[in-house]
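Okay, so here's just one chain, in structure tokens, the form predicted on its own.
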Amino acid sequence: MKLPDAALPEKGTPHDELLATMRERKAADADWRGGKTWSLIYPAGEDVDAVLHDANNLYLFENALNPFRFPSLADMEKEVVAMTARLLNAPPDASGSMTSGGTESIVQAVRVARDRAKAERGITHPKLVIPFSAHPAFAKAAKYFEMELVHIPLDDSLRADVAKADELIDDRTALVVGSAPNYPHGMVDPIPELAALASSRGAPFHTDACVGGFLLPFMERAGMDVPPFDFRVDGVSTMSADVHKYGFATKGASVVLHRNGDHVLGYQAFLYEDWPGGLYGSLALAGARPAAPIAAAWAVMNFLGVEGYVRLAKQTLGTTRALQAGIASCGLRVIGEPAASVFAFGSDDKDIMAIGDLMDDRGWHLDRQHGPDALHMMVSPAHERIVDEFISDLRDAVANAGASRGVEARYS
């Protein structure tokens, strides 16, 4: 990455001038407030925005590294973790911590599994077995921790192929993974079958519910069908769930949970005292940690409660179904049978990437995928108001699509 020609100014810039410059730059960013983005941000309404704004401002300067100096943060973090554990049906002795996001939750779960494999099973060359559709954070963790990464192929339903997984999971496997749902196609992997295979080889199993952890439970409460995915499934050892996705907190808030709460201090925690400062301890990869995401997560979870989350889940899924029906009316097809509000769509007779080009021109920020070629959507409550506009633009794009400009698959 080439750095810009920028240096610290000799004299400070006035407040108003700074903000004007920042607003000018921000004008080029994705228009998420207008409902034009389909990932990255999950707006849930002005009432939620107001709570998040106040919670963030109240804890703008605090440092979550030291719970003894800021006990209110420690209490809120523990309560967020406890509420998430209860939501995902963890046993009473489960535990966990907040992290900076889904990637850190995943990396921590993988690191704990690697260390357990060595300490408890003597594995020195561990394998991480994941579906081909699993989030790249698992590949990042495998690289960081020098683990062999093994992909489980997908079956015709675009879920992890259980028969192939049976051939790949062996005595060197440190962790097996399934998604609930996966990011590319919105499918929930066969969690009970994969977890059973992991247990039969003595390996732990991780459910990546970064996307679904704060959506699937409320869909279930609303009477919708939800595949088994949480700690009610035997063999699920750890889970990740992002409060800053469908929990509607501001960015920097995720939770990693361990069925066996002893693993938090026994494996996840970093403790060090061979320096002049005395005992240093942290459950996070970072040292200094921003306080605002913890406060925002606690605030929005208590503000919405079960009733609010069920309402937003119904709104999100209703919008999803309206979008999918509109996409079908344009002669396109949803890929597979997605479980919730994350899905991809393609075409049997047109170049979907060319359609994506025209949607780009209209300001819609749709991710692109391959295998098969598709456009990707993650629906939030705020998309309810733009369904008709989106479908109108999509219908026009389908009618006028020519050759693709060559934009390749891209993540966000």
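Numbers follow the displayed sequence, beginning with 1. All values derive from a computational prediction rather than experimental measurement.
Below, we refer to the form predicted together with a small molecule, which is not included among the displayed structures.
Although the partner is absent here, Ser97 lies well away from the small molecule in the model of the complex, with no heavy atom inside 4.5 Å. The small molecule is not shown here, and in the model of the complex it never comes within 4.5 Å of any heavy atom of Glu77. Although the partner is absent here, Tyr183 sits close enough that one of its heavy atoms falls within 4.5 Å of the small molecule in the model of the complex.
Heavy atoms of His135 reach within 4.5 Å of the small molecule in the model of the complex, making it an interface residue. For the residues Ile294, Ile191, Val110, Val211, the 4.5 Å heavy atom test against the small molecule in the model of the complex is passed only by Val211. Checked against the small molecule in the model of the complex, the residues Gly247, Pro126, Gly102, Pro204 give one hit for a heavy atom within 4.5 Å, which is Gly102.
Residues placing heavy atoms within 4.5 Å of the small molecule in the model of the complex fall in a single listed stretch, namely 236 to 244, out of 324 to 332, 159 to 167, 116 to 124, 236 to 244.
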